[in-house]
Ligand SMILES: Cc1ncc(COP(=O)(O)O)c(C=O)c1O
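A lone chain, given as structure tokens: the form predicted on its own.
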């Protein structure tokens, strides 16, 4: 099976070990093991880990963990959940399970590249719904109706959106559901950033799995919960979909690691503490970034309502890749070029690392912009 190179992942792999200040990172600043255990009030993790026999464990994920994941939703139960190797594994499994050659798939752009490159590689009739500033990077519903013809197999969306930080609320998602129901399509909603909304105590909008009988949610411990190192994600959806996914999952997953499962369960048992920390970081740092954008004449944006990233439009006569390479070499600051997400003319910034890193990084970017503007004049 031939598939396009994964733009963002290639960029990150190539440059993230070369930067001094990583403003391309998309996770809320990662927790240490000590910080997680302190939140959980666990003083001697050895007492829990030493008796564990390191088998494959419970194949679909432990009952403990699957129940905790189900509790993140309004209507899901343990039977509606299966664990995966991160959200990247969850998304791939859903596409591989549902999509066949010739099927119509509608994907938004920008989004995580999996959602259009995997269907394209299968030979699907993949339609791209471009998100624009005109709709504040929300899907144009009339355009979606046109693309979602009768018999459409899958509509793939991303909420909150990566990289724009746009957010579809419950009412907007329900309109997407109406369109999908009319044409008989499944909806896959990549919800890996769910829980990072800028407003609300939980900072968590509705899930597509709770709104639609053919709605599928994917998520992980990586972004909102600051535990990317666990490489643990999940699929939540109808039981028949979970069973169908399991056929494919047997070929490439078997099970997630028992230690990953164990630490993910500890984290979700203390989700309110982790979410509180995540909200403090995301909301404080977005305010810092917003103030910076307002002061930069060469930068414009649609301010994010959720997530950990923003899409910045820049006014310089160079490609986004050239911009990012020059920036990295001159300042040590790493951004992600829009070209890596099929969005030339833009830059993606990840703003939820440490506040000091963000402030220093933005200071250096300002100096870079001033010099670049003078050279372009």
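Numbering follows the first chain given and starts at 1. For clarity, every value in this text was computed on a predicted model and none was experimentally measured.
This next part talks about the form predicted together with this ligand, which is not shown.
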item: Residue among 180, 87, 108, 99 with a heavy atom within 4.5 Å of this ligand in the predicted bound form; value: 87
item: One residue of 217, 83, 158, 224 in contact with this ligand, assessed in the predicted bound form (non-hydrogen atom, 4.5 angstroms); value: 158
item: This ligand contact in the predicted bound form: residue 271, any heavy atom under 4.5 Å; value: no
item: This ligand contact at residue 306 in the predicted bound form, heavy atom, 4.5 Å; value: no
item: 4.5 Å heavy atom contact, residue 248 and this ligand in the predicted bound form; value: no
item: is_contact(residue 231, this ligand) in the predicted bound form, heavy atom dist at most 4.5 Å; value: yes
item: Among 256-264, 284-292, 122-130, 88-96, the region lying within 4.5 Å of this ligand in the predicted bound form by heavy atom distance; value: 88-96
item: Residues in 105-139 close to this ligand in the predicted bound form, defined by a heavy atom within 4.5 Å, in order; value: 112
